[in-house]
Structures are given as structure tokens and as C-alpha cells.
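Shown below, as C-alpha cells, is a lone chain in the form predicted alone; questions about how it binds or moves come after it.
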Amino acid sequence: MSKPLGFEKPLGMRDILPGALQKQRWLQHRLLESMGQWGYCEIMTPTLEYYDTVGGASATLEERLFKLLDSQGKTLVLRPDMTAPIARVASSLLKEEPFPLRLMYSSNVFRAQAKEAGRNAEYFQTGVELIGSNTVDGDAEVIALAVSVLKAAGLKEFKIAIGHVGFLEGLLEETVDEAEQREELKGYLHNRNFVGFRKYVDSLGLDNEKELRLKELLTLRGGEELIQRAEAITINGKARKAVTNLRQLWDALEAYQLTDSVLFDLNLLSNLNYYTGILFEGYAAGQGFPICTGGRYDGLMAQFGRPAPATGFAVQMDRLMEAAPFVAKEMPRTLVLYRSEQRTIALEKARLLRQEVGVVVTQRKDEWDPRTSESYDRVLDLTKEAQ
């Protein structure tokens, strides 16, 4: 195996240069500040977790986990998401804390990529988990908070698309008997391949009524008027219960005065299999991928011994950086030049100047060339004052 070149990085990893990092830090601050105003407290978990606990509980596919062995031979993973680690903490270190728990984070997560994928293997996420709330008000809170943080990031045009796992699964169970065929249909929906979905439905040989109900699913995207249409293609069961949940959610979002920022998309499907109810994605104008994703996951906490309902969302910081406006705050820059025997005087002068003007850089005169050095708003040449 050939040795990597000095400038090469592991597959999917990347460097973040000063300008981009400045924007990322600014956005993180804006988001966490907004989340804190809603009563969420920041938490940090280890980069490494045990595979048998967090790795197994995560919804990330096995082949996308980064695994390694510790000195005792136990399998570790680089955390693939933040939800499972926070569930672990909520069930252990915070087990005496009363529900609901409102926790927020801003961390990196890792998911391995195939060589030909050309995508990042390290992501930065900022998000929240609301643990212990099983009401529609909890779902409405995290969606309203998602709207709030996207506005705090400076986005002017965006929409939150809302779906429901129970509606989709219930409708498929009502119309398609074979589990394998239902999974195939879910695959088409997840990939937004609606042409393929229709063709596959045609190939199943369903009766006309069931075929029409499945194809009607693809049109269920819109506002409050969609709820009645969704109810019309369901029977009393899981799907009908989900429609009731969506109607209650819309009423709660109306109370937040947010219905202009949200829409229903009932063929929405996540690749994370721990979602159990409401799920949602946030899209900015001109962006083809969701900036934030979230939803209800009422079964995850039980895997750590403290059963509880929960919901939350994560903002994908890389995608937010592409969509959010940012103008770096320029601080006046002053350069203090000195001869070696003037060092003490120059450093004290720089200390005092920083209290007044902000950014001050010191440099020896014999090491400075104005033709090749970076520019400054002001150059204070102490060597001339000494002459």
C-alpha cells in the first residue's frame, strides 16, 4: 500500500479555513443563543462511544460507522449522530432529573463514505432534544424552534416540510400485503423517485381502489386543506390516527403563528429508522438538500433503560453555511513595528492599543517587507519615533 502524500487527508475529511470557520462559529453562536432562549441547556458527549451501546442504538447503517478497538479489545465508534449519545446521558447521568429534559448541542459527527461518493465523512450539527414530552405541543415546540433558529441564522426564504411515519406506514399496510413490497415502495419515496413509485404500484396488480389511494399519496403536499384529503384515503387505523395527530399539530402551529413557514408532505420519509411519529425537514430557497431534519423518536430511550417519549432536530451546519448570509465583522488592524531593543516598549504599546482599537500585531522592523506583507489600516513605526 502506498504511503499517503504529506498534504493528503483521510477519505471524506476536510480542513476548514479561517474565513469559513469564522462563519461557522458565528452561526453556531446565533443558533445556540436562540435555543437557549427557549430553555435548552448545552451538553457535550465524547467523540468515541462503545459500539454495543451508542453504535447499536444509532440508526446509522453499519457500513457507515467508523469502528476501532481500544486497548481492552472493546469495539468503539466515532459518534455517528448526537441523538443516541444524548439518550445514553439522559438515562444515566441525568436519570434523576425530571422530565421534560431540554438539551442542545453543537458537535461533529462521523459517517464513513464510499470512495466514489465524494461527500464529507465528518459533519457539524447543531440541534436540540426534547425528552419526556409525548404531546403534540412538544412536536410543535421543536418545529417552532427550528423556524426560530433558521431565522436567527439570517435565512429569509425557507419552508419546514412535515410528514408522519404512522400515516405512511399505515397507508402502505392498508393497501399492500407483502412487507417486502412495502419496503420497496418506501425506497422509491425516500429517493423521491415518484415515477418509479407509480410504475412499481402498477406492477403489483392491486385492485383499482388501492392503486388510486397509493398514487394519491404522491399529491399530498400542501397546507391545512391537505388534512381532509389525507383522511379520505385512509380507514380507521394507524393512518387515520396519524391524520388526527397532524390536525392537532396544525392547530398548535397556528397558535405559534407559523403556518406560513410550514407545509405538509405526507410522502416524506427519513433514512433514520428510529422515528415513530411526526418528522420534518427544513429547506432553504435554492437548496436541493434539507438544512435541518428532525422528528419524534419515542422508542430510543427504552434501549438505555429509561423509556420516555422524545423529539428533536439537527441543523446540518455545512448546508446552512451555503444558504445563510454572512458579512464578517472587520476590525481595524494596527501593526506596531519595532527594533529588537524596543521589544518591551512595543509590547506594552500594543497592549494599550488593543484596549482601544481591537486587532494589533507586533513585528520586528527587519522582518517586515511592505511589498509582501498583509495590509493594515494603520502602521505605527516605533523605529522612526526613536530616531
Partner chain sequence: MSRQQEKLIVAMPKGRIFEEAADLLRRAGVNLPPEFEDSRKLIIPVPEAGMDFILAKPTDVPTYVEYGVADIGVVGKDVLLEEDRDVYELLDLNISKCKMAVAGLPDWKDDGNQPRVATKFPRIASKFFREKGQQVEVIKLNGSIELAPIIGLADRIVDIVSTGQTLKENGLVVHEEILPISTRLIANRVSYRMKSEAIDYVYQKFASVVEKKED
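What we label the rigid core is the largest C-alpha set whose atoms superpose within 1.5 Å from one form to the other. Predicted, not measured: the structure shown is a model, and the values here were computed from it. Residue numbers count along the first chain shown, from 1.
Keep in mind the form predicted in complex with the partner chain is missing from the figure; the text below concerns it.
Problem - Contact of Glu225 with the partner chain in the predicted bound form (heavy atom, 4.5 Å) - result: Glu225: no contact with the partner chain in the predicted bound form.
Practice task
May I ask you to state whether Asp81 is within 4.5 Å of the partner chain in the predicted bound form, using heavy atom distances?
Solution key: No.
Exercise for the section: Consider Lys95 of the chain shown here, and say whether it contacts the partner chain in the predicted bound form, taking contact as heavy atoms within 4.5 Å. Expected result: Judged by the heavy-atom cut-off of 4.5 Å, Lys95 is well away from the partner chain in the predicted bound form.
Exercise for the section: Spell out, yes or no, whether the shortest heavy atom distance between Asp177 and the partner chain in the predicted bound form is within 4.5 Å. Expected result: Judged by the heavy-atom cut-off of 4.5 Å, Asp177 is well away from the partner chain in the predicted bound form.
Practice task
Have a look at Gln287, Asn134, Thr259, Gln248 for me and say which one sits with a heavy atom within 4.5 Å of the partner chain in the predicted bound form.
Solution key: Residue within 4.5 Å of the partner: Gln287.
Handout entry: Heavy atom within 4.5 Å of the partner chain in the predicted bound form - the one residue of Asn273, Asn191, Thr75, Asn108 that qualifies
Key = Among Asn273, Asn191, Thr75, Asn108, a heavy atom within 4.5 Å of the partner chain in the predicted bound form occurs only for Asn191.
Problem - Proximity to the partner chain in the predicted bound form (heavy atom, within 4.5 Å), stretch among 167 to 175, 150 to 158, 239 to 247, 82 to 90 - result: Selected stretch: 150 to 158.
Exercise for the section: For the three residues Leu21, Arg351 and Arg364, verify that every one has a non-hydrogen atom within 4.5 Å of the partner chain in the predicted bound form; reply yes or no. Expected result: So, no: the whole triplet misses the partner chain.
Exercise for the section: Look at Asp298 and decide if its Cα position differs by 2 Å or more between this form and the one not shown after superposing on the rigid core. Expected result: It does not, since the Asp298 C-alpha is displaced less than 2 Å between this form and the one not shown after the core fit.
Handout entry: Displaced residue check between this form and the one not shown: Leu189, CA, 2 Å or over, core reference
Key = Yes, the C-alpha moves 2 Å or more.
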